[in-house]
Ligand code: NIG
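Next up is one chain by itself, shown in structure tokens, the form predicted on its own.
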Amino acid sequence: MSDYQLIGPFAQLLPMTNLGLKGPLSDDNLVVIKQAGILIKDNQILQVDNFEKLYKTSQPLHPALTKLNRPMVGLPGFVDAHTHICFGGSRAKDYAMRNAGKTYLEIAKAGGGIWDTVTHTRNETQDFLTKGIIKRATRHLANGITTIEVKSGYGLSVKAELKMLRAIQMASTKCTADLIPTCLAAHIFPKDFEGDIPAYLQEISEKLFPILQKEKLTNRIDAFIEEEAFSPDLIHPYLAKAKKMGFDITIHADQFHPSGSKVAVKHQAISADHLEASTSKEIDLLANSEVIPVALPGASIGLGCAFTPARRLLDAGTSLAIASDWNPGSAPMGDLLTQAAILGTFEKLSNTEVLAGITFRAAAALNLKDRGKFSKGNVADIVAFPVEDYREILYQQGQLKPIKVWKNGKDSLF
């Protein structure tokens, strides 16, 4: 069998290769290759060009040919840089109560909130959690998402967090999409912990972190910086230890109150996610750092609150990734493309800014440099839609589904 593969012709192909990581992006800057082909070697991108040209020049290589029999628009596989798809239970009751006007505190007193998911997740087996991740990741893949970040954070003890991260690790061996695990043991303070917040964070960092490294469960540590979760002062030693041990840092920042962005910048986090409450001060702080803002429109839709100020962030010179925040509480929809299209409408983002936010800018938010663009040597992750004009994809606001998804050069829609 040949090590080479040629796919095409695509009516349009968007390589996303000439676009910057930070700042606004105009549709005028978007390169669109018509009647294009993709030449792949060993599951990696080798060349993107006119299909007929590639067909002729590649014949000495004897590539396996995948001839497309209808018009399609091709893009790099989508990247969802923030999800919580490892969980047990449902929070449908919370959703109904929230829409009926109940407050977060009232919902929590009625037995809802994050602690409800913690209780259900702790009670489930690792095998059950693994199957749930696979089911949700498979749905994501069908929607063109070939790389999926997955957080723990519904365990909130060394034992339960390990169960979640081992479930994510097991699921990753059975999923076609790449799963990127993240430890969110600093999600909320567990109400059953016998001690204070510093003692909990110390226990996690001393007992859990070494196991994460020994079992190679994750190289990413996340923390929720919020009045109801962990304050900037209390979280600093925890993040400093994680950084010293070599973990990448990411932060749940500025969701309800503006405090997390400063923490993200201080600890040189890869990303700061949420940012719905960010003010001009936080936007300027992020713009003068290498931290990548990640907008989570699914949480805004689920909670009925303001969107991340994506337009202001981009105009200030930041990057912008867009992720689903798929979780059982605040963002149960889990439809990245729909959410990204809606965010684009409300924040007046160009098509290019939205597509960059779910491809190479999202990859950068996971510190992944080998995807999100059709660059030579990148993984051959490709999503194709059954249209002739790429603008139809966001115009149809998630209702247009991929007709083909290739993961590492292999057709993954069965």
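Everything numeric in this text was worked out from a predicted model, so none of it was measured. Residues carry their position along the shown sequence, with the first being 1.
Keep in mind that the form predicted together with the ligand is not shown, yet the notes after this line are about it.
- With a 4.5 Å cutoff on heavy atoms, I114 counts as touching the ligand in the predicted bound form.
- In the predicted bound form, the ligand lies farther than 4.5 Å from every heavy atom of G155.
- Taking non-hydrogen atoms only, F224 approaches the ligand to within 4.5 angstroms in the predicted bound form.
- Interface residue remark: S330 is counted as part of the site for the ligand in the predicted bound form, having a heavy atom within 4.5 Å.
- Shown without its partner, this chain lists T318, Q255, T130, T182 as candidates; in the predicted bound form, only Q255 has a non-hydrogen atom within 4.5 angstroms of the ligand.
- With the ligand left out of view, the stretch that reaches within 4.5 Å of it through heavy atoms in the predicted bound form is, among 138-146, 309-317, 82-90, 172-180, 82-90.
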